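What follows is a single chain, given as structure tokens, in the form predicted alone.
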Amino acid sequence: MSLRTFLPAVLVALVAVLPMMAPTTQVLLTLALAKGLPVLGVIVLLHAGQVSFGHALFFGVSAYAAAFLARVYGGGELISMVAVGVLAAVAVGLVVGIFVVRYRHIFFGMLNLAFSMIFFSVLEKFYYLTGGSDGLPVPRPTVAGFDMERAGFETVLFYLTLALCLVAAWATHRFLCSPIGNMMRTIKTNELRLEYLGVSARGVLLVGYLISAVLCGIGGALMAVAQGVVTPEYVWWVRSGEFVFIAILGGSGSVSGAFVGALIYEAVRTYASAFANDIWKMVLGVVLLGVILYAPAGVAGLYAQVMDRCRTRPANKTVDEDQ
């Protein structure tokens, strides 16, 4: 195993065992990983050169779908809630995606934001159905038909979230390395050439859009279960901006950057708000400013640069010795 892959493997192992050594971090890690999934969806679209400022729409649709399922059946089952959330996110993603993939750049981003804010208004106004600004409670679901105490359930939820994140990261990496993933990058660099080859750029972007909706759906359902409540804040424009913020922080060109950025963001936000409640947003702003100035490729990009330098130095040293 090379050093480039060894350190990420160590990080995954550390995240897996950290709740055993520090139980208070378990919920924090669960929330961070759940946020990393929609961030990964944003990164998929960034490979096509498109920025979505409204991807919290699918995050919120999934969360509310899971909450409605639990409400209808007087509870819920964990896997079923995630599955229903994903299906709801994909259905809405297909409807919205058919429309927005016609546009590019700022128009693409703002149209996504517009759809997100429409859904936010619906959640606010239909109080008797959605709970309005108070939201809907999400009771603790069963796991494979078994009722669990809070501590045991949170442990199961954390490891399920971690497993889903690993599967999602692997599947997204495979997608981006596939022919259609390369076509998405062509949309960013030379969309006209893709059309000349007889490939529909809109069709390619729609596939990527639906995959990003799936990732948002998984994250939204997990977040709803972890927090035990869903509110219109799930689809508020600030949440969409948060996903873009984390993507830049972690590295917009990296699959692993979505989760690294989410872990850093959630840790900084949690501890900054605890110890500097009045200025925690300023702390986040300073962190992002530092990343943009000194690591424009994000934390994952900075790590890749360090690994490249470490690999280049021994090679240069060998050449000098031969001379």
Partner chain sequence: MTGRVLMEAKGVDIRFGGVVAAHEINIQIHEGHNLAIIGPNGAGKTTFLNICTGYLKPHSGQIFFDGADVTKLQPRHLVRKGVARAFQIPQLFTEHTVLENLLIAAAAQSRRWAPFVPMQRIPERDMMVELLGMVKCSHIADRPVSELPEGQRKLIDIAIALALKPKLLFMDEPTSGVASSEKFEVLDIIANALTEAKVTAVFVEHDIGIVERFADEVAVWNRGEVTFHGTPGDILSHPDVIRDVIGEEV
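If you're wondering where the values come from, they're calculated on a predicted model, not measured in any experiment. Positions refer to the first chain, counted from 1.
Although it is not shown, the form predicted together with the partner chain is what the next lines describe.
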So which of 114-122, 156-164, 248-256, 171-179 is the stretch with heavy atoms within 4.5 Å of the partner chain in the predicted bound form? 171-179
So, in the predicted bound form, is residue 233 in contact with the partner chain at a 4.5 angstroms heavy atom limit? no
Residue-level contact is defined here as any heavy atom of the residue lying within 4.5 Å of the partner chain in the predicted bound form; does residue 197 satisfy this criterion? yes
For residue 104, is any heavy atom within 4.5 Å of the partner chain in the predicted bound form, or not? no
So in the predicted bound form, does any heavy atom of residue 193 sit within 4.5 Å of the partner chain? yes
If the cut-off is 4.5 angstroms on heavy atoms, which of these, 183, 84, 100, 244, is the one near the partner chain in the predicted bound form? 183
